[in-house]
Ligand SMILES: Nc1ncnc2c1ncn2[C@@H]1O[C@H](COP(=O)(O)OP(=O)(O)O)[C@@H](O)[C@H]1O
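So this first bit is one chain, no partners, the form predicted on its own, shown in structure tokens.
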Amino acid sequence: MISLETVSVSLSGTPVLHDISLDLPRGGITAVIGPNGAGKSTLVSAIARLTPLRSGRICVDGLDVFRAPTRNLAKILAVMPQDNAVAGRLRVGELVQFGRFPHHQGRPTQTDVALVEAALRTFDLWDIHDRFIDTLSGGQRQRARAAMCYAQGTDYMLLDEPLNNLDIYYARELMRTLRQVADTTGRSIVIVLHDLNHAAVHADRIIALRDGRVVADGPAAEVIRPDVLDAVFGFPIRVETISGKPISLHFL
């Protein structure tokens, strides 16, 4: 379980998150949604220990993330930050191999090699595993970064806007892959999304933020509703049920 206890964060002296308390149980997909500036990326960054807390406490399976040794934390928590800067002269397979570093410490075993290959195949990258990163499209880079996160083999994966730069086909495929990973491996995936409909279709739970506070928290049917979305985004959003899922028609 990821547990946040009255977590507050300030950036450059400006409060961004305000007394957030959440428990994210093991397993499934939790989507974090909200308008720009709501604190979505800051929330994920704080869980990953990339952003310091002003107050509060965050634990993963009882381990205080700000007190745990880095190597121990890296074995249970993997993060894909929003920033997609990657050294261009790395090959795709080499990038994904970095996900295994907390385990092999620079001396990969046959097991590590097999797990990297499995990650490349899972994220549809095997055919380009020898290509240099700087020859890839933005969407291919996003998939490679997601594969590196997956290859780390942790119980918890944090992905900050992984659908950036993905066309509609690969956005759908990545979300389907993450859904399959959650269902078949029992991993817990926390994902920041701007696309409300991907959250509604693929997530078990949706957390909606506005101005650094939790406005709604629950399954899609409880969060993807006109009244809730109006409170989150500040304008009326029509919602229709399609194939049993609440689909937002925010473009109308």
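Fair warning: this is a prediction, and the values are worked out from it, not measured in the lab. Note that residue numbering follows the sequence shown and begins at 1.
There is another form of the same protein, the form predicted together with the named molecule; it is not shown, and what comes next is about it.
A.B. asks: Any chance S12, V16 and G39 all have a heavy atom within 4.5 Å of the named molecule in the model of the complex?
C.D. replies: Answer is yes for this spot.
A.B. asks: Using a 4.5 Å heavy atom cut-off, state whether P35 contacts the named molecule in the model of the complex.
C.D. replies: P35 belongs to the contact set for the named molecule.
A.B. asks: Against the named molecule in the model of the complex, would N165 count as a contact residue? Criterion: heavy atoms within 4.5 Å.
C.D. replies: Outside the cut-off, so no.
A.B. asks: Residue-level contact is defined here as any heavy atom of the residue lying within 4.5 Å of the named molecule in the model of the complex; does Q82 satisfy this criterion?
C.D. replies: Yes - in the model of the complex, heavy atoms of Q82 and the named molecule come within 4.5 Å of each other.
A.B. asks: Only one of 215 to 223, 182 to 190, 41 to 49, 196 to 204 has heavy atoms within 4.5 Å of the named molecule in the model of the complex; I'd like to know which.
C.D. replies: The contacting stretch is 41 to 49.
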